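Presented as structure tokens, the chain that follows is alone, the form predicted alone.
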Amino acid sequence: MIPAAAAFALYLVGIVSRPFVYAGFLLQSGYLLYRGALIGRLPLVGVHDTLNFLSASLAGFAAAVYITEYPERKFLSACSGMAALFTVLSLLRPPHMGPLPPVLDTHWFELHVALSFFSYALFGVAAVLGVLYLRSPGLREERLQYRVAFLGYAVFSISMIFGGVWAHLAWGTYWLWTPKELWTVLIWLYYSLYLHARLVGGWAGRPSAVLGTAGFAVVIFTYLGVGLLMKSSHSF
């Protein structure tokens, strides 16, 4: 857990110094690779590993957006702060070291979870752009928020398909009516509404930014709130 603690410190300093964001991302990615080599699978089970995966994904996508589309210091600082928060929360839970339960021992599960957290990270980056737009309205931030959220939506949709395949292999059905699955569909419907309203409903601007930002709260509740408080097929 020491590398995760060091990544937290780097992200914290990254709020004021850009190179530390990159260093935090590289260290945390290396930590995940080390965990994967240690346990012989992708480290995607348990709060510790998934929060580190989410944090590294968010930092990586934020750095890509910063370098290619939006080189604003305040954007990378906000994303670094969010990555630091997720990383320090991961330190509250021990890493999962045991063997995988039989229902998780399939590549469809790993694809489903990895793509889910990639989409969560993209929704987080979109939320940061939405907040920046709401604080200081600019067409660029709102448009970029929409594009990043759309990419997250596409990745999330694919993850849902893979999740259905995993469920069929594990339980013999594509759908189990558990709280996690219901809230997952709610995320998909929410972002469908946001993207549709922004594209054809004339909701560009402040309403779109509010919707795109609030959606990340639904994402985090589905991930942590439902995962920790409600019993479902995703509780292990």
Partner chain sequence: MKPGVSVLGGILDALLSTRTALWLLLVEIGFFVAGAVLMPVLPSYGTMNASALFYWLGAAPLRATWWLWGAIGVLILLTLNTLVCSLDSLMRKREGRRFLLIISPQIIHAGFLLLLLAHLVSAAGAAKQNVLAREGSRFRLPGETTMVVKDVDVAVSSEGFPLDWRATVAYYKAGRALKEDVVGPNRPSFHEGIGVYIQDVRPGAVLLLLSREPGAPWALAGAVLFTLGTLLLLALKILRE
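Just so it is clear, the structure is predicted and the values come from calculations on it, not from any experiment. Numbering follows the first chain given and starts at 1.
The form predicted together with the partner chain is left out here; the points below concern that form.
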Counting only heavy atoms and a 4.5 Å cut-off, does the partner chain in the predicted bound form sit next to every one of F61, L134 and S136? no
Can you pick the stretch from 25-33, 179-187, 40-48, 53-61 whose heavy atoms fall within 4.5 Å of the partner chain in the predicted bound form? 179-187
Given that the partner chain is not shown alongside this chain, does L193 nevertheless sit within 4.5 Å of it in the predicted bound form, heavy atom to heavy atom? yes
Looking at the partner-bound form in the predicted bound form, is G81 within 4.5 Å of the partner chain by any heavy atom? no
Against the partner chain in the predicted bound form, would H168 count as a contact residue? Criterion: heavy atoms within 4.5 Å. yes
In the predicted bound form, is there a heavy atom of the partner chain that lies within 4.5 Å of any heavy atom of R147, even though the partner is absent here? yes
Can you name the residues of 138-176 that have a heavy atom within 4.5 Å of the partner chain in the predicted bound form? R143, Y146, R147, F150, L151, Y153, A154, S157, I158, I161, V165, W166, H168, L169, A170, W171, G172, T173, Y174, W175, L176
